[in-house]
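This document opens with one chain alone, in structure tokens, the form predicted on its own.
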Amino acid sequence: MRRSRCVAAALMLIVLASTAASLSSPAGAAARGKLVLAWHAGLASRWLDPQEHDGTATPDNFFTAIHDGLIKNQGTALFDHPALAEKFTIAPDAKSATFTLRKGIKFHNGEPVTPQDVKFSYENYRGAKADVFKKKTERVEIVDDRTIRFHFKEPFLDFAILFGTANVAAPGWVVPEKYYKQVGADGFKQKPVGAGPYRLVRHEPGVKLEMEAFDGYYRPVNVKQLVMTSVPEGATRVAMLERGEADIIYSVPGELVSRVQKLPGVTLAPVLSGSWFLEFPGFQDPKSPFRDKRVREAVSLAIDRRAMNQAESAGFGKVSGNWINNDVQYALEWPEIERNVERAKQLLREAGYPNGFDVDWVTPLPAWYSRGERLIGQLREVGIRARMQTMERGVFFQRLQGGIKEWPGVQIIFHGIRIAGSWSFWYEAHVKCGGFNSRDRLCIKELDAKFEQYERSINPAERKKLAEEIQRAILENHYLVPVFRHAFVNAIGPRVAAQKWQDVFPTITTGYAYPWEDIKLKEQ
């Protein structure tokens, strides 16, 4: 009984019943002007389909414009912001969750958003964490014309935080069943219909999205036209800002930060964002030099993290010892790792590599290739010789999901991720064998066994203990090597109404500028 009361008390912290204020005026009625975002990589069409969420923060930028979820992370709300649902409750035993839809909500094609659309979106979801939801869910019940209930096979303590964290998974992001079936998955990615603040009016695959404020949205939308255009070159993005061709640009390269700071009317937005870390795919292969823990530690000691932060983020980032951001549930604090070139060389000698060795490829997350080049230069100082491999961001994520076969030979992946919610989402995404993005690249059986125990547990104290044990094992064995938590340095042009950069970048789960509907332009 005492344990049941403890569990119930813990669950009360996530029993949420929030009602949003109704809005009487049409959402797009007062919208005016045009806002242009210069996106820092190529545009993958699958980022427009919540059904194919790739388990990263990237789709958030697009979902939050075109689509909407029942609940979502928005601004400083981590996962429990009522969106298409005006309220929701989690049962005290965590075995069901009930959502009530807002009255009168519609998709961009005029069709109403119904519980059947919610049911279809959930049951047919095939993106990141789909296996978790399918394994835990017993059935989805349509209670009435505005109410839907999810029944679970066992207590699902992480349901709300997982369901509502849009940069982790998207089974709660609703697509129109009739239209989706009509055009098919491929057709939907080209001409998506959502229920978000903006409807798509023109799509140049890989290049540009042109959107217009949706009059049927339940919140006011301030800017009439929203354009997102792919501009992979940092200098070009900065030039667009200078010429007034872009109002917001993402990812100002470190060497251009001072130039942007001098531009009249421009506000720099150094958003402390994702952690960057190294992975050694296939490190358990006897032929891989990374099989030896001493070699992995030598790589860690070769990195000049402070120099990386200064060069890549103009010093706005944070050097930390964990590869998991310290602002998520059960994240373990870990001391900063100091550079020690001589110790790194000594470890390589002890491991049988007195003259170092060759790495086939270092592959950084696109399009941050300069930090890949810096890493290669630092590794060269201890005798590790490597070449850099570049690819489109969409291709990079596809390769991750393809598993170890996509990363043959001796390789280092230089990841950068921002996942909100819980440490467990990071583990499942980048360590767990069979995970959506991790696949079979690491597969540390003893840690997976502990992780299974963590997922089964309904005792918060036990969960915290297991979470810290797993993170400690990863860090002490250098299975993943933390580099730094970067600042996603962006810039806001003079036409955007903002007293401080946080007015445009309030979202604490990613470095992106949503909620898009809240951004305003200055009076002309």
Partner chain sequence: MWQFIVRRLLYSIVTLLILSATIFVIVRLTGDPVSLLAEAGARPEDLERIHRQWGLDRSWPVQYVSFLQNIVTGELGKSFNYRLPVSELYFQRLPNSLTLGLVATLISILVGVPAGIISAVKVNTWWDTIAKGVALLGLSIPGFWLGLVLILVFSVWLRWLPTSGAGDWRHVVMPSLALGWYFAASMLRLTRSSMLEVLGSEYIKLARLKGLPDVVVIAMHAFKNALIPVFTLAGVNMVVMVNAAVIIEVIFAWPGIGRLLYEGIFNRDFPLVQGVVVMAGFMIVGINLIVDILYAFIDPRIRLTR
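This one's a predicted model, so the numbers in the text were calculated from it and none came from an experiment. Residue numbers count along the first chain shown, from 1.
The same protein has a further form, the form predicted together with its partner chain, not shown here; the description that follows concerns it.
*Asks:* In the predicted bound form, does Ser45 have a heavy atom within 4.5 Å of its partner chain?
*Replies:* Taking the distances in the predicted bound form, the answer for Ser45 is yes, it comes within 4.5 Å of its partner chain.
*Asks:* Report whether the minimum heavy atom distance between Glu428 and its partner chain in the predicted bound form is within 4.5 Å.
*Replies:* Heavy-atom contact with its partner chain at 4.5 Å: present for Glu428.
*Asks:* Check whether Asp144 has any heavy atom within 4.5 Å of a heavy atom of its partner chain in the predicted bound form, and answer yes or no.
*Replies:* Although its partner chain is absent here, Asp144 would stay clear of it in the predicted bound form, with no heavy atoms inside 4.5 Å.
*Asks:* Within 4.5 Å, heavy atoms only: does Ile444 come near its partner chain in the predicted bound form?
*Replies:* Residue-level check for Ile444: no, no contact with its partner chain.
*Asks:* Tell me, out of Gly403, Gly356, Gly216, Gly394, which residue has a non-hydrogen atom within 4.5 angstroms of its partner chain in the predicted bound form.
*Replies:* Checked against the cut-off, the match is Gly394.
*Asks:* Name the single residue among Phe88, Phe436, Phe280, Phe79 that comes within 4.5 Å of its partner chain in the predicted bound form, judging by heavy atoms.
*Replies:* Spelling it out, the residue with a heavy atom inside the cut-off is Phe436.
*Asks:* Taking Ala239, Gln398 and Ile419 as the candidate spot, are all three within 4.5 angstroms of its partner chain in the predicted bound form by heavy atoms?
*Replies:* Per the other structure, all of Ala239, Gln398 and Ile419 touch its partner chain.
*Asks:* For the chain seen here without its partner, which of 488 to 496, 471 to 479, 60 to 68, 36 to 44 has a heavy atom within 4.5 Å of its partner chain in the predicted bound form?
*Replies:* Careful reading of the contacts points to 36 to 44.
*Asks:* Given a 4.5 Å distance limit between heavy atoms, list every residue of 129 to 155 close to its partner chain in the predicted bound form, or none if there are none.
*Replies:* Heavy-atom contacts within 4.5 Å come from Lys129, Ala130, Asp131, Val132.
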